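Next up: the same protein chain in two forms, each one alone, written as structure tokens (structure 1, then structure 2).
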Structure 1
Amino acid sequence: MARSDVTKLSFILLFAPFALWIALLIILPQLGIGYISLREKVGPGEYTFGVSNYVAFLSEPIYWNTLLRTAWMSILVTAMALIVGFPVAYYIAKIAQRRSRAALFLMCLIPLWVSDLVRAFGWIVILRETGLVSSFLQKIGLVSGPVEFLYNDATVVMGLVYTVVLFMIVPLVSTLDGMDNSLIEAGYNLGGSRFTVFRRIVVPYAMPGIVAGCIIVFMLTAGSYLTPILLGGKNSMWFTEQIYEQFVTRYNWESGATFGVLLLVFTSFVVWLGLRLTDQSLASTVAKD
């Protein structure tokens, strides 16, 4: 039939760009670094295959410590972003008046449109020993000498939370927005206290949004580069930095690729674990907004 031909043709036309995109830009490149990561260098321009890059990773505590540190900090940042962002999302979705809601949301989004670099730069200006906060504290006499706020993990976490919190707020707002106020009212009406209603109704309802936000935030944090480097101090190690070092400073594509694969696998594992624990699925959470 002519009509089924049209259907088929339109399907092919729509599927082709998708297939090209996913295959050429996502799957094959990932396989590519997988392939490189299995290459062992035996001499200039000579390679054999094996898992020695992975063995090297595992046998060097610095590397996996960095990976663990990155993961741990990312989880911390994710949790912080959730704690900081939830009240904000709740305010925007449930408390603010209709009109101010849009404005608030927009205000929250503005920093999103400025590059990481600018934001980190801003923090440096504020937090450095001779920066605004330190000067201000000295001026009001709270401290006698200059105080350094930069170059420590707390600053890194704060800076990372800053860069990612909006990715937490957006999905949260969109799920909370879909929540009928009458659910909350019903929660009170049936005798629930403020805390009960929050724990048993609001949070479970927002769960898909929470999970989506956490996944995105976790991934962004684990993959971030500038903020930990610029704000981090002398102990600050970040796994993406390691990858960059391997690729650029050490000219070692093999171990760089290995690190890349490991980062991907490890973060995917964390995300999978999170999805399992909260009983959600990737498609139903992230794709919702």
Structure 2
Amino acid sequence: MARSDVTKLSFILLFAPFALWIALLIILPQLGIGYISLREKVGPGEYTFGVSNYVAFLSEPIYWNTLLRTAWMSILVTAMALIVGFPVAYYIAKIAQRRSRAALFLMCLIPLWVSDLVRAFGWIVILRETGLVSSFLQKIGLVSGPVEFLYNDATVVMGLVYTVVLFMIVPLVSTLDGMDNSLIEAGYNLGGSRFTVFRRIVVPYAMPGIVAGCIIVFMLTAGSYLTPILLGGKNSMWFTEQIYEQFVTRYNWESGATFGVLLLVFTSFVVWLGLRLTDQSLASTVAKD
């Protein structure tokens, strides 16, 4: 067998599992959801095709208000994750000694070994009325009785930031690690202040990592279910809860599929808009060398 044939066969064998994973677990389910969303029930077991499910969504303010609220909260979580994660990533990539970088990076990844459910219940143990924070405040005399820190937007945002900040740190570390330190030194030698060097050199170089991290964090946050429900309770008003209610509680698969398609389209639009505003592309972020 010729060397070129061996190379092609090796590529096919390596790429086939990835292609099957994409086709069977992403493309086909999305096509199925899109197909179901276009079905209109006209009788028991009888369906026709149309856009009435989408019209019903737009005619119900609580649904699209929840979608817009979820998008706004996801953007807020993304911004806070960037604010928290950038200094950590910069320290790991440019300040920490080379020996300790791997250990610090591993410490950032350790929380990923625990499921979202366990992490959410950890926050519940800390923030509930009889939790650690409330008990500590009572013990030092700052409050006279139990304080409930759960079931509000601030707690949901905090829990989501803790959950997704690791996905912001990873691409930032990968990008900043490739920046030559001489660029920063040149900025200082030319009279630039710390803020100027950060704004004119560090941020532009790290922009592909920033955009990649923001895309990952935003999509994960908008599609999150456990953390908003457990930490926000009945006041969470998260769009994934509406999808769950349509599929499981009401057993209305047509509306649930419609909500799922709209969530995907809307979040994709936000990502596209963010790429346009930052003058970036997927090729320069996700596929950056």
Partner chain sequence: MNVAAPQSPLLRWVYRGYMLAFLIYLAAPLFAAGMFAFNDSMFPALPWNGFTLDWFFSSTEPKIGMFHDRRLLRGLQNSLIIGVAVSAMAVAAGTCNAFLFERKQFPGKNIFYILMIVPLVIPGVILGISLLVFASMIANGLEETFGIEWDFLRPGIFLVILGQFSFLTTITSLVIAARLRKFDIALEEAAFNLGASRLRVLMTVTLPYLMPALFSAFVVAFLVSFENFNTTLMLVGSDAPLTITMYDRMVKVGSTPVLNAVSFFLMVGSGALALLSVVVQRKDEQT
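Computed from a predicted structure; not experimentally measured. Take the two forms, superpose them, and find the largest set of C-alpha atoms that agree within 1.5 Å; that set is the rigid core. The first residue in the sequence of structure 1 is number 1, and each one after it adds one.
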With both forms of the chain shown on their own, indicate which is the form predicted alone. 2
Superposing on the rigid core, I want to see if residue 269 changes position between structures 1 and 2 - specifically a Cα shift of 2 Å or more. no
Quick check: residue 248 between structures 1 and 2 - does its CA shift reach 2 Å or more after fitting the rigid core? no
Residue 27: Cα shift of 2 Å or greater between structures 1 and 2 (core-aligned): yes
